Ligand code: C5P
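Read the single chain below, which is given as structure tokens and is the form predicted alone.
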């Protein structure tokens, strides 16, 4: 038996725009995404000689072929044309679920990276990301990491000048959002709360943290906030604690604030602890 270990890093949508509905029924997205240090731990046993298994310390996580990490193993070895001869996956969760932080996608990406390294790197990082697109929309970015602009359904990932080093306070209120329902509502109502993506790209090029943080925006946030005023309350508390910018990530429900000092992010976390779960993080290296 062979055991592999890999960390699975969460993502933030610094910007998120919905450009329209595609002929295939999915939505055309444009998002500046950032990988952060909040992570799960993923461990993979290969050549167990037993049926595939997945174990997780969070009961709400699927432990069968519906799990993206399980799917990632299948896609990798089917494409490679090789039998892993039994697989056990263990996931120790830290990334909250149904929060817009890409936890399942991060786990799948960690699996792909670990397997690729174990098999002697048969795929380049870009090729591995394209394999990830067969698993889930956020998986290609989670494979690539860093700071990137992501388009299409998530399969088009173009690296950007890294986000200047900063700190994030992430707050996860006690509700979840149905992504399909949110997109359906967006199709009906639309949004005037659109990100200035060119402004964000220029800020990153110039390494202007103040402008980059001020450019964070999620086009779908107002639709969530109109039903869940906690979003607005959380943002207000973060701004009072010195956040340079705040926004919801993904389809929610997590909200993040960008801070230029750790102690200010920690202060926001302490202020919010009574209202929701909070996490402190920074950009991955």
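Numbering follows the first chain given and starts at 1. Predicted model only: the values in this text are computed from it and were never measured.
As for the form predicted together with the ligand, it is not shown, yet the points below apply to it.
Interface membership of residue 136, defined by any non-hydrogen atom within 4.5 Å of the ligand in the predicted bound form, is confirmed.
At the 4.5 Å threshold, heavy atoms of residue 81 stay clear of the ligand in the predicted bound form, well away from it. In the predicted bound form, the ligand lies farther than 4.5 Å from every heavy atom of residue 53. The shortest heavy atom separation between residue 180 and the ligand in the predicted bound form is within 4.5 Å.
In short, of 26 to 34, 58 to 66, 242 to 250, 256 to 264 it is 26 to 34 that has heavy atoms within 4.5 Å of the ligand in the predicted bound form.
Site annotation in the predicted bound form: the residue of 93, 194, 211, 153 reaching within 4.5 Å of the ligand with a heavy atom is 153. In the predicted bound form, not one residue of 7 to 22 has a heavy atom within 4.5 Å of the ligand.
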